[in-house]
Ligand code: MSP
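Before any questions on how it binds or moves, here is one chain, the form predicted on its own, in structure tokens.
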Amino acid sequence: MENFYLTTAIDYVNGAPHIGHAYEKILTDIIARHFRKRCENVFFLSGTDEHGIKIQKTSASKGITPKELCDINSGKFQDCWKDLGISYDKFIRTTDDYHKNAVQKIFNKLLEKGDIYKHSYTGLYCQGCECFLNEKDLTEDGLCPDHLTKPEEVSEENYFFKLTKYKDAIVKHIKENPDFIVPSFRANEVLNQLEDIQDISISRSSSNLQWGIPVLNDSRQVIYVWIDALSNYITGLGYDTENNSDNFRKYWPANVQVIGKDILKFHSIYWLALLMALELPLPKQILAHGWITIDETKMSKSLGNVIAPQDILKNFELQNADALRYYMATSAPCGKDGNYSDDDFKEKVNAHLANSMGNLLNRTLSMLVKYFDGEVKPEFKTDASILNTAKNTIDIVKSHFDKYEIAEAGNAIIQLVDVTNKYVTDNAPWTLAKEEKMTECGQVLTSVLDVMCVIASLIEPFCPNIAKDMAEQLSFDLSIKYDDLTIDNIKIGKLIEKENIHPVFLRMDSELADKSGKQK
């Protein structure tokens, strides 16, 4: 695979980022970092969605302009992603001029093609969803099922997109490509939604909505969220219907688009129809992740349990986000809901990153210094059995990533750590040294350190800072791609001095962490 393109949903900037936003970005970043170790070119797009009635109303209530509100909150998202180590290649804002110009061209192209028409309409509009709902979609009390608010009846003359024209083609694509929607069990949900799909409104009257992209040649209409927001995935690459960029030609179609399960309908139906209308290739896969609950309770402002990811870093005095990244990414199987709790977070990362992985590296290097002055000798031949296990784990992890099973990949890495810990216990290098079987002792230690290089490489997408620290202590080149990763990574000669050995992750409740006042 030479090129790999992946996207996140763009976040609505009516508020600040919370742990649910972070979960999606962490998952996508881990996928991007993994495939950078397999592909020549990876392009990772993220961004913010900045138009709509909620922005217009919120900014008015604060006494600032919509753009000022967008600038403030988009900045909060970008700062948060920096703190979490999100390595996007481009951050798009739908208020960017190039995006607005491209959206207007896309609208006009579909209008000229006859896929957009003007129509008077009365419907039930949910401001939270930013979409019209059918009565059958509502709760028994007539409320939006997601926001539990009563939609307002709206009558407008808007532009509509001929979504129904592409219904059969979308059904055919989903049925003929069972791996298109990940996890596959969500495909039936989409097929059920397609049964009674209707054409969709893609503009709003400027008398009701001013904060948006104007329709060219019709100042009374503002382009509505679906063409505006969904188009970011191609405008971010430089698509504008006429003079498309090299990046667009190089990377589109996307290999995977990562979204929350609540917006799967818009991405697997609306988005596909728009692409078909533009005569563009469809994304290869859509990954619909689950939600994150807090202590087994759905996040809600009214409950006061909305958590900002940066607050977690501050509360646990973490200098980087590796522990949170690892915990969030392994919190739920592919597509299922996950849960966050402070106690589980501390317990899991202490067990996996400090006790199992960190301690394994620390005590093995310490024994190498104690018994061999930190030197790997030529006669230390590595053990094929444990190294073959490591080699097989590389293939297992790659296979999980091919199916976007991120939690499962993380579990496979920790299983390799556990197997290696058992290997140390079973072979007892301290006993071999006591019995003066020094060559056998050195072989055990060298084999373990060789496996630790593989572990560092595999864990890097999850924990880039920890992996870097591990690699430095192992004198291992972390930039090696997986296809070039061997089972002979430890070089003959002096590896490390005693003073250079240190824990790569301190237990959150360790005395060292308490004394330093912060985690490493």
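All of these numbers come straight from a predicted model, not from anything done at the bench. All residue numbers refer to positions in the sequence shown, first residue = 1.
Omitted from view is the form predicted in complex with this ligand, to which the following refers.
Figure note: of the listed segments 134-142, 257-265, 310-318, 388-396, the one touching this ligand in the model of the complex, with heavy atoms no more than 4.5 Å away, is 257-265. A residue is said to contact a partner when one of its heavy atoms sits within 4.5 Å of a partner heavy atom; residue 289 meets this definition for this ligand in the model of the complex.
Although the partner is absent here, residue 29 sits far enough away that none of its heavy atoms falls within 4.5 Å of this ligand in the model of the complex.
A residue is said to contact a partner when one of its heavy atoms sits within 4.5 Å of a partner heavy atom; residue 417 fails this definition for this ligand in the model of the complex, lying far away. Within 4.5 Å of some heavy atom of this ligand in the model of the complex lies at least one heavy atom of residue 21. Scanning 233, 270, 340, 161 against this ligand in the model of the complex with a 4.5 Å heavy atom cut-off leaves one residue, 233. Proximity to this ligand in the model of the complex, taken as a non-hydrogen atom within 4.5 angstroms, holds for one residue of 299, 216, 280, 428, which is 299.
Looking at 31-58, the one residue that comes within 4.5 Å of this ligand in the model of the complex, counting any heavy atom, is 49.
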